[in-house]
Structure formats: C-alpha cells, structure tokens
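Only one chain is shown below, in structure tokens, and it's the form predicted on its own.
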C-alpha cells in the first residue's frame, strides 16, 4: 500500500462557544477561542489517500486532480469565511478542529478516485492539529 498526501492552505475564523453556558464557563473552558469578536487561523490541510499505483501512470491518483478536489470542495468553500456564520456546517456543532476534520472528510471522500481516502489532517496552529481516519 502506498500513501500520497497533498497539502493545501486556507484561512478561516471561528468562535468556540457554548450558548447554554455562562460567559465565565465559556472563558474557563475555551479561553481565547471564546472571544466574542472571533479569531482566525491559517489552516494547513493534509489529505492522504492510499492505494496501489496504476501500472501505466505510477499514480494512486493524479496529485493535480487531488489538489483540484481539495481547492474546489474545501478551500473555495471555507477560505476567508467565518465558520460559525458563513457556513451551514457548524450550526449544530462546535467549529473545533476535530469536528472540522469530519466535515472535510465528508466533503472530499466522494471525489477520491483511484485510491481510498486514508486521513484528513488539519493543522490549526504550529502546535495543534487533528487527524481523522473516517471512523465514527
């Protein structure tokens, strides 16, 4: 089995906040992420597919086509957006990096050809990232 990873970048803002909690509890749990004026990230998205290389091309999937899928389904949809306000994906769940990985998987997976989607890795900061392998 061979693994191919493509990296793309985008920027987005969000607020991690539970409306059922007090301002104090939100601040205690989420810190700066609960800022009422939002905050943003320069996300790095790593999409890994796995499979056997095609004998004619040597590719699991053409990396340019994989890039096109990521740009169309993720970057164009989320770049410079407020995840809470500008997208329908986080109306009923926190826009955490963990939840965002699951959303990205669902959006990309139908367009993977030749191989199988293996992992979504979303890096939020230099020190924080989440990975999702499709398990529920």
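Residue numbers count along the first chain shown, from 1. The structure presented is a predicted model; accordingly, all values stated were derived computationally and were not measured.
This next part talks about the form predicted together with another copy of the chain, which is not shown.
Within this chain, residue 128 lines the site of another copy of the chain in the predicted complex, having a heavy atom no more than 4.5 Å away. Within 4.5 Å of any heavy atom of another copy of the chain in the predicted complex lies no heavy atom of residue 117. Proximity of residue 29 to another copy of the chain in the predicted complex: non-hydrogen atoms within 4.5 Å are present. The closest non-hydrogen atom of residue 63 lies within 4.5 Å of another copy of the chain in the predicted complex. Residues 79, 80, 81, 82, 85, 86 are the ones in 76-91 with at least one heavy atom within 4.5 Å of another copy of the chain in the predicted complex, listed in sequence order.
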